[in-house]
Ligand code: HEM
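Here we start with a single chain on its own, the form predicted on its own, put down as structure tokens.
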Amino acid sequence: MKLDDVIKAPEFAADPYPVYRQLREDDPVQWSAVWNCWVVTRYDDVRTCLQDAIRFSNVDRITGLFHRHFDADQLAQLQPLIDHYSHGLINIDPPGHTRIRRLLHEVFRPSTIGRLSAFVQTFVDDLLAKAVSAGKLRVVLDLAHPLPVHVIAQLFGVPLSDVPLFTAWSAGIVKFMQSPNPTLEECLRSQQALLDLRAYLRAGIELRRASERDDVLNLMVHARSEGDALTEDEILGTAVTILLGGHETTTRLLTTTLLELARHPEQQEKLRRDPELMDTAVEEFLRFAGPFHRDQRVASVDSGLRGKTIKQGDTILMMLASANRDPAQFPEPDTFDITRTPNRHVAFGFGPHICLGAPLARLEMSIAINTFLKTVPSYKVVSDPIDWEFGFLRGPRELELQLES
């Protein structure tokens, strides 16, 4: 099996899991000439790459893409984008990374995230009431897209009138990440969205320095630990990371989960009968239908993996979604089982860079799916065929449901 032979095939986007299975069996550490990187598909190897920051670094994991694809004049045009992805929580390794996470401890305490429960519940109730009245739901447009962006806006104290701006900036920034080989024009559009968002956030930082507010941006501005504080660049980088990670991923996860529950009516019925299963169900949603299919690192030193020689500077693409279907870790991995325990998936990564926003995603998913199943007695998918978007993130561009009373 050569991944390069199927990377661009619509069938791969629609169902990549048979390809992942064959790669795990035949060639679990494979060089992709199309993506210009090593592709790692087995659970143990993915965890190793995620955990070992000495051999597999976050430094240059995104900026290296620009240097591989663009000449000096083009790189000069992209300097703001390069600068942004040269700093911040997800672009550095310990000990610098450890320092920033320590300062962000207060921001993602369970009590901080838990305060959003009532807002999430009310927002989901309102969205679903409109859908039930209409008898149909466009999942992305009517639920999965507006929910996380409004939650993030609430978290940051963003006025309701500014939410469309956040939505547009979020979608614009991630565009260049949809392909391992983005064009200069795609990168420039992403850069402009990033610059607009950073300018907005910078104004918010100044307001909170002058007068404290009850939101996450305020917590970051005033975070202190052992006499240390976050710099403005660190606040901006972290805020952008939270926005992108908390919006785009949750949109796709919620959409794909409703699709899988429709495809597995026995699991849907089990969850309807016993809502207490929601916590384990959410973990299975993440394992089985997690939207973040691949993450990347850069080799800091020459290293070996499964008999392959990975040279310093090589990019390693870790297929998280493949690792989450590895039979060496998960019995019957292609079975969707909401009671699965243990479930040590890597949907949120693993090791020092494990996702800070995981508690927020779990909260949103738990409330949204529970409320949907309580509000909608039955439903069926009417999208045919489903148009899949598949870059680093995978999910239906839209999913239309018929709601049955």
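Nothing here was measured: the structure is a model prediction, and the numbers come from that model. In this text, residue numbers run from 1 along the sequence as written.
This next part talks about the form predicted in complex with protoporphyrin IX containing FE, which is not shown.
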property	result
Answer range among 118-126, 283-291, 259-267, 174-182 for contact with protoporphyrin IX containing FE, defined in the predicted complex as heavy atoms within 4.5 Å	283-291
Contact label in the predicted complex: R272 to protoporphyrin IX containing FE, heavy atom within 4.5 Å	no
Partner contact for N218 in the predicted complex: protoporphyrin IX containing FE, 4.5 angstroms, heavy atom	no
Partner proximity in the predicted complex: Q329 to protoporphyrin IX containing FE, non-hydrogen atom cutoff 4.5 Å	no
Protoporphyrin IX containing FE contact at A33 in the predicted complex, heavy atom, 4.5 Å	no
Among the candidates I90, M319, I310, V149, the residue which, in the predicted complex, approaches protoporphyrin IX containing FE to within 4.5 Å (heavy atoms)	I90
Candidate from R47, R61, R340, R55 lying within 4.5 Å of protoporphyrin IX containing FE in the predicted complex - any heavy atom	R61
Interface residues of 237-275 toward protoporphyrin IX containing FE, as seen in the predicted complex [heavy atoms, 4.5 Å]	T241, I242, G245, G246, T249, T250, L253
